[in-house]
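For reference, the chain that follows is the form predicted alone, supplied as structure tokens.
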Amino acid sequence: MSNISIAIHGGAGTILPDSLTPELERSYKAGLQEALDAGYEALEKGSSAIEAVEASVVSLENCHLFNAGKGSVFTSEGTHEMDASIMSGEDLSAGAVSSVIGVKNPIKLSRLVMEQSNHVFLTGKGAEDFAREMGCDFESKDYFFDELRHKQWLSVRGTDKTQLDHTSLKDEKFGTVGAVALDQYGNIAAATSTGGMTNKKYGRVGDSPMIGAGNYANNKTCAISCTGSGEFFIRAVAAYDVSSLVEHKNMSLHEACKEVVHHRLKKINGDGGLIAVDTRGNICLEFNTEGMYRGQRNAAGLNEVAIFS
């Protein structure tokens, strides 16, 4: 089975232990473990890295606890606009969508863009039309309604404020989910999905669907999925920067991730984190915040989920 490996994240931020009840913490960890298992079991069965990261992200999109898919936050207009992207390290093929409404699993749509179209990035109505042509599942607005998300939106509705998943700045958590994986064939892949910012306006798009910013994969280097203040990850071209440091500076995966997360992003006040894997099965889970919802599993027996530092 070689050194198959997978890592996932469900968002990063100033997640403080006293802001989570034991019951809620157990729920988050259960959701993370379920997503981790979904991807790893795909790898065990001989599925590709692309199939594995899709399986993990679909699991996270279907869980209301995470800001993607079902758990997506409300926009200023009271809708749910979702972004996602997926990339194969084998041939650098990629697919991405942004500002889609009603699509149950944006990560599935991203893969269809990659494999069934001549494009990389589709947005808004055009992406939704393509989703219908491809037979993607759509859900009503009620499916995406979550009481906590609604309260978050009501607290800032009618203002110019946006929120990153939690209403209290003390409990700020960046809502994005993602996965990176190495399959038994030596290929890696990355997938990222998000509901964006609460009360976002003007069709705002973050780093999650942007290849090179929030998501990237290259067999020569590594696969990366980011979570954080998207504007900063876009400016830093964070995901590709990690890859470039590995390729051009001969840095190890851990050295490159630390350089980007703790130095380059911090220099421009960028908060958040990322997960990464390379073709040797090395995994890195790096963040410069109080915590990051995360998990990792490999063929050597590693299997853990965590939230805090």
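A residue's number is simply how far along the shown sequence it sits, counting from 1. In this text the structure is predicted, and so the values were computed from the model without any measurement.
We do not show the form predicted together with a further copy of the same chain, though everything after this point is about it.
- Although the partner is absent from this view, residue 121 contacts a further copy of the same chain in the predicted bound form, with a non-hydrogen atom inside 4.5 angstroms.
- With a 4.5 Å cutoff on heavy atoms, residue 135 does not count as touching a further copy of the same chain in the predicted bound form; it lies far away.
- Shown alone here, residue 211 lies within 4.5 Å of a further copy of the same chain in the predicted bound form, counting heavy atoms only.
- Using a 4.5 Å cutoff between non-hydrogen atoms, residue 204 counts as a contact of a further copy of the same chain in the predicted bound form.
- Considering a further copy of the same chain in the predicted bound form, the lone stretch of 125-133, 179-187, 103-111, 140-148 in range is 125-133 [heavy atom distance within 4.5 Å].
- Applying a 4.5 Å heavy atom cutoff to a further copy of the same chain in the predicted bound form picks out 87, 91, 92, 93 from 56-93, in order along the sequence.
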